[in-house]
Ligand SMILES: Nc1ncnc2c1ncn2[C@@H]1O[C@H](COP(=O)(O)OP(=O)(O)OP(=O)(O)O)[C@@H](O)[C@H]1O
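Next up: just one chain, as structure tokens, the form predicted on its own.
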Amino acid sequence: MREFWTSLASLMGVLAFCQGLLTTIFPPSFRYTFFKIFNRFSNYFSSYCYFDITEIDGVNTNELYNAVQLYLSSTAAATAASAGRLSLTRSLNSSAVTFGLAHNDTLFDTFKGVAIQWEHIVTERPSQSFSWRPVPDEKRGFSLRVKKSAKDLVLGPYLDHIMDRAGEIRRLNQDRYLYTNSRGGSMDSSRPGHPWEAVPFKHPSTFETLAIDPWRKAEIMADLKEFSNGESFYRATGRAWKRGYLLYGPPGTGKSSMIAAMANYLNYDIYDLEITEVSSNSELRKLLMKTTSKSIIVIEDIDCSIDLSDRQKDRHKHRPGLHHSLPSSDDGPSGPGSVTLSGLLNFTDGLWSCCGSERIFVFTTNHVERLDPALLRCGRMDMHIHLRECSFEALKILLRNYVGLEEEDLDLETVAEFETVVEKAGMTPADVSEVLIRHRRDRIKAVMELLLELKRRAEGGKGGRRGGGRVSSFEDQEEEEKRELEMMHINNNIANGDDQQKNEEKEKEGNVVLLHDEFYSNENDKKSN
């Protein structure tokens, strides 16, 4: 044993001597050149090529590295059962577990029949005495290996596929917000003067729970999907990438729920524009410029916000032969500086409407006949969605949502009675929901109470529905109160505008009187002379 250790020490001494001799004979520059030529020679005969994607490109973050990391996280999740080692992460306040590629581990992917190997390389970064910007202690990057025959496929379509997929993953994972405008800007100290205030959007409404006819629901979903995937179509046709939807119908038919379902379906933000807080058309344009892409811009109860009545109906009020003063482009019915119909039309379909992309305009109203036809034409409101009273198909959706009953769970006689009276009753989904919510703990009682209410409404007709229906009368009263408040706001603006106009007229009269006195005083002086 002693001889073994002696021989091992002698061998190590010989190796150390040879290493020092090679370092002296072959300097580092010669060794670097030798290994470089050797790698080129071996790569020439190899059937694979390699691409390195580092985390930091100089001083900037490499966006391709982040995209690859997101893409491989979804690929790793799909192949988690067959993968050898994966890293698991979970963000704060999140219930989803994210898969990732472990350090110095490999993952295989397939694209159009081509096998691609990814390797996550992590090494320690040499310590630096001074740096202008902090850098991570580890040097991270991805190495991509693919056959040389498929190099063009990887550098083109495959990397584009990774970027598109990563953008989709970001959009699905990011928090969505509900924005509203306020006069004077945001109250958030981190964004002084910003016109929009935001809160997290957590509305649970989806197209699955929306109480409308299934064929109508499928039509709307298909139109939304075609719009979100139609970037190339809108670019080829020279149209702005936007679309308008008009939601109209009686109160309680689900217009707000429809907007929430659209946002959840497309993963868009919502900008709830309070038009009464906008003082002029120029401010309306500024609000539009501050909205982001992939968003829904909403104006609810637009007929109650500003005067958008049909201009054709108002022509008889002006008799021929009389000259009327024309208001400026920024003057509306609420006085100088208010939003006009022209400003709203330019907001939806003018030059300023194309300052962003992939945006949806949604207007809601209870009285579509009060709106000007110029606002309703295609190009501004492309799709008109009439939300009616509850139908039999919508009733089945509400029964499933609130009491968990399917059509098969009810006897044939009850189903026939529902189908007979639901159209005659004219109850809105909000009315039906209120009855089901009150008796949701007893499903049988909920069904019976709903059937009795439907029969009572059907027997009473339209008049009985308004006279005897508490929910409907409350909704009508609420609508009238809302409209009175909006009109009060408009009247205040009109009064302020009238006072300002009267003051200007008084000033003009005063100037005329002064000129008149000066004229006569000058005439008297001439006569006396």
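Sequential numbering from 1, following the sequence displayed. It should be emphasised that the depicted structure is a prediction, and the values quoted were computed from it without experimental measurement.
Keep in mind that the form predicted in complex with this ligand is missing from the display, and what follows is about it.
Asks: Verify the contact flag for residue 267: yes if a non-hydrogen atom of it lies within 4.5 Å of a non-hydrogen atom of this ligand in the predicted complex, no if not.
Replies: No, residue 267 is distant from the partner.
Asks: Counting only non-hydrogen atoms and a 4.5 angstroms cut-off, does residue 251 reach this ligand in the predicted complex?
Replies: It does: once this ligand is placed as it appears in the predicted complex, residue 251 has a heavy atom within 4.5 Å of it.
Asks: Please determine whether residue 450 contacts this ligand in the predicted complex, using a 4.5 Å cut-off between heavy atoms.
Replies: Taking the distances in the predicted complex, the answer for residue 450 is no, it never comes within 4.5 Å of this ligand.
Asks: Answer with yes or no whether residue 366 is in contact with this ligand in the predicted complex, where contact means some heavy atom within 4.5 Å.
Replies: Because a heavy atom of residue 366 falls inside 4.5 Å of this ligand in the predicted complex, the answer is yes.
Asks: Could you check which residue among 273, 262, 360, 212 gets a heavy atom within 4.5 Å of this ligand in the predicted complex?
Replies: By the 4.5 Å heavy-atom cutoff, the listed residue in contact is 212.
Asks: Just to confirm, with a 4.5 Å cut-off on non-hydrogen atoms, which of 180, 279, 257, 346 contacts this ligand in the predicted complex?
Replies: That would be 257.
Asks: Pick the stretch from 162-170, 412-420, 221-229, 202-210 whose residues have a heavy atom within 4.5 Å of this ligand in the predicted complex.
Replies: That would be 202-210.
Asks: Residue by residue through 366-405, tell me which have a non-hydrogen atom within 4.5 angstroms of this ligand in the predicted complex.
Replies: Residues within 4.5 Å: 366, 398, 402.
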